[in-house]
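We begin with a single chain expressed as structure tokens, specifically the form predicted on its own.
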């Protein structure tokens, strides 16, 4: 990849920074502008006291990092996980800036999170955490400032609580204050499927480049949450052969192709892909290394690293998750000729349709699902072609090409605006 050297795997923020530095050097970016773009505008840490169902009081750590407002309001998800850290949120906020710039929508990047374990919390406890977190960051969010959205372990209900809390404080309903809401509260049709659909659109374009038909393309999906399950469902419907899927509990494989509708029914009942009768169980450690044409890591960060990248058999890697590949693994995959569609391109369908939702909320007019999907395809195909052309022009892989394209767009906006003093 040209310049990322490390003896260890990097954190999410370090990975972003390492790739950013390579792209900035190749762009011959001014040193001062490089420092400016590398740093977030604002980092917010809040401590959230919550009365639990048993009457005790717990204090949860919450974060919101706003990386850039150069091209518009900040935009980014809120995740609930016991592993949330400021470093992780900082890195993901910057990734959101580059993601929005790649698909050329008028947002900068942000990310938020609360260090908690949703599986151990009741619905009432989750609501109280969400409302207090929203109240603590209220002065820094809003339709013109920073628009939160769902992320890991958050959903439409969490967004509804956030929107309601914001609206109660400003004394009028502000549907555009968050995205990823229920349709009845101003959500957009097609939003739930958007990230998975964007992965499929990118995969379609990659197959066109290689002249490979969809029907003979074998796909492995690692992670069966919203992104992975929607990608599998949509790609199965389009004719792809989904041969393997996995979740946190394990994996299932069928070389002839899994019956995805039946698998979705099974997961709905059992809450896991394991024990699905239509396939053979596969150990989680071996799952990413199964033979396939397309691999979609759609779970969490850093699952493809220096210790397993040489064993990845896929020809095309579509990153449904955020930062699933570490920089050392990038080098290995590039040398092996794996066509990587990086996360800042592959999973940008979610933020693109979030943008559509924000636009619809602000104008008070809502589009049909077919309109949403058509607009998403137009933007995602254009972004795919922009990134691939940039990579060919500068002789770099798709990830560094994506970073270069995004940084170039954000830097241009900053140059036009100047630095306020």
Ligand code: GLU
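Computed from a prediction, not measured in an experiment: that's the story for all the values here. Numbering follows the first chain given and starts at 1.
A second form of this protein, the form predicted in complex with the ligand, is not displayed here; the remarks below concern that form.
Using a 4.5 Å heavy atom cutoff, none of 14, 305 and 327 lies near the ligand in the predicted bound form.
Contact annotation: the ligand lies within 4.5 Å of heavy atoms from the stretch 344-352 in the predicted bound form, the single such stretch among 280-288, 344-352, 295-303, 126-134. For the options 186, 150, 91, 190, the one in contact with the ligand in the predicted bound form, meaning a heavy atom within 4.5 Å, is 150. At the 4.5 Å threshold, heavy atoms of residue 273 stay clear of the ligand in the predicted bound form, well away from it.
Proximity of residue 177 to the ligand in the predicted bound form falls outside the 4.5 Å heavy atom cutoff.
Contact annotation for residue 323: none of its heavy atoms lies within 4.5 Å of the ligand in the predicted bound form.
Mapping the unseen interface onto this chain, residue 77 counts among the residues with a heavy atom inside 4.5 Å of the ligand in the predicted bound form. Taking the ligand as it sits in the predicted bound form, the stretch 243-276 never comes within 4.5 angstroms of it through any non-hydrogen atom.
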